[in-house]
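Two forms of a single protein chain come next, each set out by itself as structure tokens; they are called structure 1 and structure 2.
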Structure 1
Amino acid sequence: MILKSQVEWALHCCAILAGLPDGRYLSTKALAEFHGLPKEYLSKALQGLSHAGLVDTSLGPSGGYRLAKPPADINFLEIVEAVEGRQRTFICSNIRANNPCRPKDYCESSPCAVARIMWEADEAWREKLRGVRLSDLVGILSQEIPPQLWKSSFEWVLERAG
């Protein structure tokens, strides 16, 4: 399974937005510049977050994006699904029906074992992402990023926040 690069972008942008003070917004341009991303493509990921109700938007010179909920109330699965959609990662096309040895009127009463196993794996993956909050990520980043880089990054963001 390969997720769109916009999933990574959305997760990183949400981590940045989690540090914004109340009432402040960060523009697509600033988020794109911070991450070295094309603004036009990043906009699509941010729009997905907006449609999912994960970020609020504001227009105008000091407008942009901010989280719509506290970081503890947003999980990774919500962000992934805002960008990728909610469809299963495995689609069964029932190729077992093409077996030339099967009687023509033979019909299974349940999905095949391959599909069931893949769907169970998909649900386990989703459950793992559902259990990781944006606040968990912020906590990890605050421990892993050197203090001076953490501070200068936060200052850079605040200088550009409307």
Structure 2
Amino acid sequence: MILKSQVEWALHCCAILAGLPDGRYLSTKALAEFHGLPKEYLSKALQGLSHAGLVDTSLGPSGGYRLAKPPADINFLEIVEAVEGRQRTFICSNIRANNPCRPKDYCESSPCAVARIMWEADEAWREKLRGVRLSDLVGILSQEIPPQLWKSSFEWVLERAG
């Protein structure tokens, strides 16, 4: 059980978009080049973000993506679910129903105990992601990345932002 690499890409791309001035767009091409990723495939991750309403798109030259909401209003879970899907990581196929001793008219009332426990863990994971905002990530990055690199990266992006 491993998250798609698209999740990593989407998070990094959102971090870049968060630093974009209001009204500017950044294209898939620029994002792909900046991260050294296949442009065509990265676009699928960005499509997921677009579909989830996290980013706005613009067509034509100087078009691309920008955040649809302020970075403080976007959390990690939204981004992860936009790419990875919203279904739980544990699927209960209710194998207890195959118990040969089970009476035929017997019908389970509550979900399987095993599933409930697994779902609780799943929810703990989601809750943790829900608690981290995109703005938090930007804050961390701005402290960790050397000012020189931060500045030049910002300029690199602005040169290509439409």
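Structure 1 provides the reference sequence; residues are numbered from 1 along it. Since the model is a prediction, treat every value here as computed from it, not as a measurement. For the two forms, the rigid core is made up of the largest set of C-alpha atoms that agree within 1.5 Å on superposition.
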remark   = The form predicted together with another copy of the chain is shown as structure 2
query = Would you say Leu129 moves between the two structures, meaning its CA shifts by 2 Å or more once the core is fitted?
reply = no
Yes/no, Asn98 Cα shift of 2 Å or more between the two structures with rigid core fixed = yes
ask   = With both forms fit on the core, has Ser110 moved 2 Å or more by CA between the two structures?
value = yes
